[in-house]
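We begin with a single chain expressed as structure tokens, specifically the form predicted on its own.
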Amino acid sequence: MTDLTKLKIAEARDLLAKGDITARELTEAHISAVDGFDDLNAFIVKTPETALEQADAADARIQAGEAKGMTGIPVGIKDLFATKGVHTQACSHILDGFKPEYESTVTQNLWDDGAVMLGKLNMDEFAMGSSNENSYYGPVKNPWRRGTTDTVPGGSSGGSVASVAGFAAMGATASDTGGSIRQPASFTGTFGFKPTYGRCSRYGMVAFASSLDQAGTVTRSVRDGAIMLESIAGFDAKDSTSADLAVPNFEAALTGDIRGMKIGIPKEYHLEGMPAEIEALWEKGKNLLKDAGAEIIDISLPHTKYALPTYYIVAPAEASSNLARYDGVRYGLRETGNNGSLDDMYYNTRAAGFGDEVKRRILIGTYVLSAGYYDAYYLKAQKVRQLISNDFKAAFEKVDVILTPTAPSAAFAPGEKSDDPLAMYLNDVFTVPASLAGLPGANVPAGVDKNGLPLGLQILGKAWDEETVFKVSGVLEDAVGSLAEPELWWRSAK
């Protein structure tokens, strides 16, 4: 691994502009890092030839004075973003062999800006999971270990955060349905940003829950997150939920000045049994922002306690509908039955193609949408979702942003919670409410636990006010200061 892989996006952008390094040199260093990353299982497909072609094109663009923020920057792509002619299977067996003939809008925006694709990244199957143990291609390991014990990277964007935290990619695309950017970012000491629902196009994203899914970014700094989000965001006529709004210069929001801003602290996020070190981290974050000139205000989000059960009705219901298209007829896996009937093919294809967690959520979703239960479960959940959204609207009449922990613990060992779905779902207890309300949120690395594992704090903002989230996140990042990096144990294992 060369020093080039330790560069942040903003640093590399400036060096590329000055001619101190080339995009090809930067890309070659990252290709080498990806090749040494197999023990973590973050990349399921590597695209070195494409990366070098894109790097050469980026160098020509820089020479012509046409560079943008992401020009020449090597990134990884979560496997649910369609990449034309390249494996796109949401890490599910049922999409075996699928290589789309189109490009997702998010990735197309990156290529239009001159970014470089290193490969496709592992994830929980169809983005359903909080530990990246549900992938057909096997689990992802966290670059951070508890002594000599492996830990999970969080999910579902486990490959995204592992590649960035482990210096194999400078940034990565990710998606967040109930916390799949913010929670794994907390587990890996990375900056994860989920924008407002509708800020980034969902065209070309493999759907999980359409009213919740939102593309976002994983980077190693707040400034890098601002640069990358500006590249992928924007209106897209191909997505009916895409907002026709101008994309701000998010990097310009990083003024370092939050004097007079109001920071909300929701009392409902003080959970019974929450580890003392999480409470201490939250208190530390409050004090750092207060020292920076912000005012700390206690607020209430009274329907928070209903967020997790609401999410696990709404999201599986939408998943049940979205995943009905995978039947073995048009693309992907096809398992025929002994008698050759159509019903037999449906049954065998879906039984073989979907993993246990995906099956569990499809069953839940189908149940809550079924006759006799729709009103009792799904309709009621949608009403509660609106109450949760109203809570946030009322709170944001008093405060500019909300500060909470990102996750209720640090990363845990593989298998520690995989036999207990409810324990696994509780990992998203702090991230799900904002997802239901469609609000922007970020994980800012803020400290470590007693075992030296990363812990994060969450900044939530008003709809379409990503700039304020970035501003506060940048101040918090500066106040926390430099944190430790993971030891490169996976390289010494070679």
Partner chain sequence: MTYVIQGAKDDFEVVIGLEIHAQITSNAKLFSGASTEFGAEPNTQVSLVDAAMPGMLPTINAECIRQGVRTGLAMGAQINKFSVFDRKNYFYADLPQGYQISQFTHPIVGEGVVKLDMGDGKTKDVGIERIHLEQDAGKSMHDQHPQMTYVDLNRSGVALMEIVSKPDMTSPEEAGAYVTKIRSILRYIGSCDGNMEQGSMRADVNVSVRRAGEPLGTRCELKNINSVRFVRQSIEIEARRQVDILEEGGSIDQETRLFDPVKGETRSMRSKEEAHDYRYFPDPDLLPVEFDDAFVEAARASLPELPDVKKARLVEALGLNDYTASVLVAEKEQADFFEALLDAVVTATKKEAADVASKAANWLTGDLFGALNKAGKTIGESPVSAVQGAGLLSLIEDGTISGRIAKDVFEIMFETGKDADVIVEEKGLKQVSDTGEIEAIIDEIIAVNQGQVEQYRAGKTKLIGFFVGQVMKATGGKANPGVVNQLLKPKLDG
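Positions refer to the first chain, counted from 1. Because the structure is predicted, anything quoted here is derived from the model rather than measured.
Not pictured, yet referred to below: the form predicted together with its partner chain.
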Can you tell me if W111 lies within 4.5 angstroms of its partner chain in the predicted bound form, counting non-hydrogen atoms only? no
I'd like to check something about K141: if you look in the predicted bound form, is any of its heavy atoms closer than or equal to 4.5 Å to a heavy atom of its partner chain? no
4.5 Å heavy atom contact, A215 and its partner chain in the predicted bound form: no
Exercise: R350 in contact with its partner chain in the predicted bound form, heavy atom 4.5 Å: yes
Quick check for you: of 312 to 320, 406 to 414, 215 to 223, 147 to 155, which stretch puts a non-hydrogen atom within 4.5 Å of its partner chain in the predicted bound form? 312 to 320
Given its partner chain in the predicted bound form, answer whether the residues R202, Y326 and L342 all have a heavy atom inside 4.5 Å of it. yes
Just one of W282, Y197, Y269, F167 has a heavy atom within 4.5 Å of its partner chain in the predicted bound form. Which one? Y197
Can you name the residues of 369 to 389 that have a non-hydrogen atom within 4.5 angstroms of its partner chain in the predicted bound form? L369, S370, A371, Y374, Y378
